[in-house]
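One chain is shown next in structure tokens, namely the form predicted on its own.
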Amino acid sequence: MEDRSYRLYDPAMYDFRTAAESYWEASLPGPERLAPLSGSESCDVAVIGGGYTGLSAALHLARDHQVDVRVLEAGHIGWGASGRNGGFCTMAPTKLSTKDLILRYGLEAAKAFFDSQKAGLELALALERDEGIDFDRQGEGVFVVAHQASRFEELETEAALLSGQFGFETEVLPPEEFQRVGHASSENFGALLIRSGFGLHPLKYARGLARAALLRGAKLHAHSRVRDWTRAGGRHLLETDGGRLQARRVLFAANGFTPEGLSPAFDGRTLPVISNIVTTRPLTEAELADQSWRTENPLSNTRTLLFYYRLLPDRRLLFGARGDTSGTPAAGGRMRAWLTRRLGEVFPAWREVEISHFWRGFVCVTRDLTPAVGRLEEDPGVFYGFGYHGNGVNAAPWTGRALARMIAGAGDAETELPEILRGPAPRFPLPALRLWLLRSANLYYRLVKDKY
């Protein structure tokens, strides 16, 4: 079969046969055995992508609307970003500041957007309770740490907006106060505490969604990469290496792993950005005390190419950052060494602590820096949800539920979708040059804006 799709990065980033060498994968038994699609099958709704968006949509379609739904995943369930991320169930899925969101869309639209993200947190807690998904919830809120003294004022402005306009509970902590409740580091110039969100085990969450969807009647097919997508007789035909699936409607939910060339409607609309993570061996109580570590909350800092980090339940430090624009194995080795060095510079007491795991995956960025959720105007039977900008743990399951309601025609689901999320992401100009644009931006941020 001719493969009509192609991808931007090195093939090493798309080896669907091999699990990521992540702490999450190593901490769990192997993935559940789910049969690949074989032969000719049919369903009402086909979902391309077995991550949070697709699994949540399948669960809610089967459970709440009794829709015949099948999920096609290129790797094993949770193979992509849903099983590789840092486990930050936090807000919000945009690279725009709160101030810029208001300037671009208006205050009421921004409020609807943040309300949807609050609902995403509530959904995660409801799924934990109602579907029995144990995802190792940890912490109560999230810290944003000023990495330079000049960035502390920005945190004060952000806190005032979040609390004054959107009803979040926030607290701004000068450096010495943050050290008493958070940690010491070479880049502690104060912090903002947002008392919404928590950490979790992302692969446990993905597998829990999958089990819930199966129990409710959805069918899931692992190792079933869609290589061809056509229309015939009013139905969609999705072909994999082992089978063909006919469906009346399709949900496209591949996010950062969206293939180019599979559907012209989605070509050039996403920019996958590599994010890299290391974890240390478990730290002793004495070692934690060396950095005055006192929090279970997830943390990130104010760099544009941010550091994000958290202490895991077994006392390992997870430390991540954006970087690399090729995806080659050699570049991955360099990123591991760079992250290890930077971890030791930010937390000097841990400079010699061994690194246990390193892995990487994609964050999905759109041209307008906000998610894209909806249905195609030119083909109302095709739905989509992508572009979470590194905050898909919270946003993607909510999006899956919203899309399930839209597909099922429940109430006013389509018009109720917040304006900031609604509609297709604009295409990047000269999409073949997206990686060159990213390389230029990375160089500027590292050398000029973030200064490291």
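On a predicted model such as this, the values are computed, not experimentally measured, just so you know. Residue indices: 1-based, along the sequence shown.
The same protein has a further form, the form predicted together with a small molecule, not shown here; the description that follows concerns it.
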Just to be sure I understand the contacts: of A218, V145, V250, A254, which is the one whose heavy atoms reach within 4.5 angstroms of the small molecule in the predicted bound form? A254
A191, V373, V226, A210: which sits within 4.5 Å of the small molecule in the predicted bound form by any heavy atom? V226
On the criterion of a non-hydrogen atom at 4.5 angstroms or closer, are G120, G139 and S196 all touching the small molecule in the predicted bound form? no
With a 4.5 Å heavy atom cut-off, would you call A46 a contact of the small molecule in the predicted bound form? no
Consider G323 of the chain shown here, and say whether it contacts the small molecule in the predicted bound form, taking contact as heavy atoms within 4.5 Å. no
Evaluate Y308 for contact with the small molecule in the predicted bound form, applying a 4.5 angstroms cut-off between non-hydrogen atoms, and reply yes or no. yes
Exercise: L262 in contact with the small molecule in the predicted bound form, heavy atom 4.5 Å: yes
From the candidate stretches 271 to 279, 131 to 139, 161 to 169, 328 to 336, select the single one in contact with the small molecule in the predicted bound form, where contact means a heavy atom within 4.5 Å. 271 to 279
